[in-house]
Ligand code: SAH
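Just one chain is shown here, as structure tokens, and it is the form predicted alone.
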Amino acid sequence: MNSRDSEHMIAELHEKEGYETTTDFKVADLILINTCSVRERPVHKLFSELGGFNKHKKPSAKIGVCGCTASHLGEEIIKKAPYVNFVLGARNVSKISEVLHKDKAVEIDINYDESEFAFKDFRSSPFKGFINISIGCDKACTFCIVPKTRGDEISIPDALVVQEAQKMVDAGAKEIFLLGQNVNNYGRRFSGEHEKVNFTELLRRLSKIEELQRIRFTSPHPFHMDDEFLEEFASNPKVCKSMHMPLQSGSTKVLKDMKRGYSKEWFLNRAKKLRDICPEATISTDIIVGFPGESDEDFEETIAVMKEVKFDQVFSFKYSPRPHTEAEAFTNIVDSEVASDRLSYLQALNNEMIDEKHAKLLGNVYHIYFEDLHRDGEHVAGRSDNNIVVRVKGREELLGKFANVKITAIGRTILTGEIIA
């Protein structure tokens, strides 16, 4: 989402203000930091980054802080770093040209509606396109700050989503990536009068774009994984067979404390359904350890779910209290060392499971879409339909093309292969 917000800002600045991007901040006339506030560490990092930019930038260069941290800190950013020229919240991306000309501007209205704003076009990659299908979040997870930084959930009308996808495909993209806090809750609310279209139907409509070959999305919410959605995922040949299912905890008690809206049993039921009807699919997840009140038994339940589902990728974090969240006031805090030990154990187990899975991939053949050129200029990387990342020897002319690749070497995060057709 931050990547797409950044693309929107770049496009607006290019079209309306004549800016071009540069990789050297020392020559920049404008420096934008687009922030995340889901965890505490990036927030602390922000001010050290700001200090470094201010020290080495051109005297005339402006600095803007954007994104979720901008939304929740607002004027405090300028108080702590008075050289910052403006603060632009995550729900106010379309105002970038406006705040650029207002020194010390702070635009952080989380109820501002950008769902039908016609952003100018810019993409960081010509081979795939990110498309926001909704903004904001209506969930009340007790650990999550996002509803306080991105506001209430509003879906972007399906006609605009399809139109944007068609435009990207016409420009050469063969893959699109649908974005939203809870993509499979799409259609719950629009800002105006629009046909009620759910996420499953949106996938069907996008699939009618003839030249579009792959559709990815993130993140679906386990609560909204009904049979219709899972069956469309499994049967639609254009929908990539890679599912992100954020577990957060394997304990129903902790899930209730988190206000996730589902139980361990529901999650396992959905994962089993997915494995049964689409065995080739990979499943990734998010897990928080050390959430307030998590006992040893609760943690063991999370480990049991990991072993049962056999996730293909796990993004795991130690609980980090966030401002404006319900859990910030919880007093049953898990000892930091205990939480760290649990995280280490979980990550070690995850590495073992990945190594075991990847060992079985040697010699397999995958249809890869190449999208990244390595810095050495001698290798390109791409992904299979089910999100297996593979690197091969090759140059820029392979980018944006498909090829069958045989896996010849195994790594934990990336596999190596050779093109066979």
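Numbering starts at 1 and follows the sequence shown. Note that the structure is predicted; figures quoted are calculated from it, not measured.
Omitted from view is the form predicted together with the ligand, to which the following refers.
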(message) Quick one: S6, A90 and R123 and the ligand in the predicted bound form, is every residue within 4.5 Å by at least one heavy atom?
(response) no
(message) Quick check on N184: any heavy atom within 4.5 Å of the ligand in the predicted bound form?
(response) no
(message) Even though the partner isn't displayed, in the predicted bound form is H221 close enough to the ligand, meaning a heavy atom within 4.5 Å?
(response) yes
(message) Check S320 for me: does it contact the ligand in the predicted bound form (non-hydrogen atoms, 4.5 angstroms)?
(response) yes
(message) Against the ligand in the predicted bound form, would D286 count as a contact residue? Criterion: heavy atoms within 4.5 Å.
(response) yes
(request) Scan H367, H358, K45, R39 and let me know which has any heavy atom within 4.5 Å of the ligand in the predicted bound form. (result) R39
(request) Could you work out which of F130, F143, F311, F233 is the residue within 4.5 angstroms of the ligand in the predicted bound form, going by heavy atoms? (result) F143
(request) Mind telling me which stretch in 114-122, 244-252, 225-233, 294-302 gets its heavy atoms within 4.5 Å of the ligand in the predicted bound form? (result) 244-252
